[in-house]
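Starting off, we have a lone chain in the form predicted alone, written out as C-alpha cells.
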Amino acid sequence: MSFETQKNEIIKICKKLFKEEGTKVIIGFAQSEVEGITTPLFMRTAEDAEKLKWDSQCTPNLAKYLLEKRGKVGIVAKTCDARAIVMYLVEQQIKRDELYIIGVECPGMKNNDATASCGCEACKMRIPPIYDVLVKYNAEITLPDSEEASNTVAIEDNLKKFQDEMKKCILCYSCRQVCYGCYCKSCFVDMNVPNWLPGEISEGAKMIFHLGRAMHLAGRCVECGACERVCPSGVNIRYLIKEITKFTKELYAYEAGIDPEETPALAVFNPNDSEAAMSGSEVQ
C-alpha cells in the first residue's frame, strides 16, 4: 500500500462516518495554496472528504484542534497525533466516547528536500497507540538504524549552547502556539501578577520562557517536533525537552502518550521514588 492507497481508504472511512455514524466534523490534512505546505482540513460533508491530503508532508499535529470541538468528532491521526490524543485523554481534556480515531500507520514525514522531518528522524513508533480503525501502510518501512545522535555536550559548554540558541529566539511564541501540550488559557508569560517576564526581549526573558515551558512539558512531550518545525529563527530547543523526557523515562519508566489509562509520572507521589530529580544525582 502507498500513501495514495492509504488516502483512498481514509476517504472511504470518512464518507462512511458521515453517512452512517452522524459524525459532525472530521479533522484531516489538506494541501495549502503554498506548495509543500500542509494545513488542517475540517471535513463536514462526504464531499469534503475528497479534499483530503495524505502524503509524506502531512507534518502538522492535528490533536490540538480537538480542544475546540464538541460533539462527535473524527480525526485522522498518525502516531504523534495519536500520542497527543492519549495525553488529552489522560489529562481529561477530551472525551473518548465523542471521538473517532482513524489511525494511520506512518512511514515517516519528509521535508521538501526529502530529509526526515523534525521529530521523525529518530521515531521508531509507526503504529498509533490508540485508534478505532487502523489504515496500514502495508509496505516495508525503514526505521532509524540507531538512536538519534546525541546533542549532549560537556557540562561546561551547556550554558553556552543554551545561550547561543537563545540569541536566535525572537520570543514570537510560535513554539508555544503549535505545541499540543501548551493549552493553558493563561500562559505564565502572559500573566501580570506575578509578572514573570520583563517587557523587553532580553536574553533573561528568553531563558525564563524556554526553561518554564520545558518544565511544563516534563513527562508530557510526545516528540512530534512541531516546536522546531515552525520556529522562524531556527531555534533548536528540543534537545532541552528531550533530555527531560529521557530523564523521566529512566527515573519513572514513564513515556508520554502511550497508555490512556496510565497516570502521568509527575502527577503522582510515591514515597519510594528516587530523589535524583531533586538532588541532581545520577538515575539508578
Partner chain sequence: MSTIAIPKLKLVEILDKIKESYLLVAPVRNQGILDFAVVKEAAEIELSNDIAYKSPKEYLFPQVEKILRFTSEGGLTPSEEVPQTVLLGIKPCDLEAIKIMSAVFTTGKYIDTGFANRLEKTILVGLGCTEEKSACFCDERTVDKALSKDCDVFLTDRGNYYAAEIFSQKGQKLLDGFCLEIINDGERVKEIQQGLLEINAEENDLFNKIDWERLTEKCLGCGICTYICPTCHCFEFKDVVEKKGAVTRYKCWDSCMYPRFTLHASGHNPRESKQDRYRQRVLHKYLYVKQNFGYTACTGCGRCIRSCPVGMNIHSVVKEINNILNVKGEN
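Positions refer to the first chain, counted from 1. These figures come from a predicted structure and were not determined experimentally.
One more form of this protein should be noted, the form predicted together with the partner chain, which is absent from this view; the next part is about it.
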| query | 125 to 133, 173 to 181, 72 to 80, 93 to 101: which one contacts the partner chain in the model of the complex at 4.5 Å, heavy atom to heavy atom? | reply | 173 to 181
| said: If we define contact as a non-hydrogen atom of the residue within 4.5 angstroms of the partner, is K168 a contact of the partner chain in the model of the complex? | reply: yes
| message | I'd like to check something about L52: if you look in the model of the complex, is any of its heavy atoms closer than or equal to 4.5 Å to a heavy atom of the partner chain? | response | no
| said: Whether I258 contacts the partner chain in the model of the complex should be assessed with a 4.5 Å heavy atom distance threshold; does it? | reply: no
| message | Can you tell me whether I141 touches the partner chain? I mean in the model of the complex, with a 4.5 angstroms heavy atom cut-off. | response | no
| task | Determine the residues of 216 to 250 with a heavy atom within 4.5 Å of the partner chain in the model of the complex and present them in sequence order; the list may be empty. | result | V230, P232, S233, G234
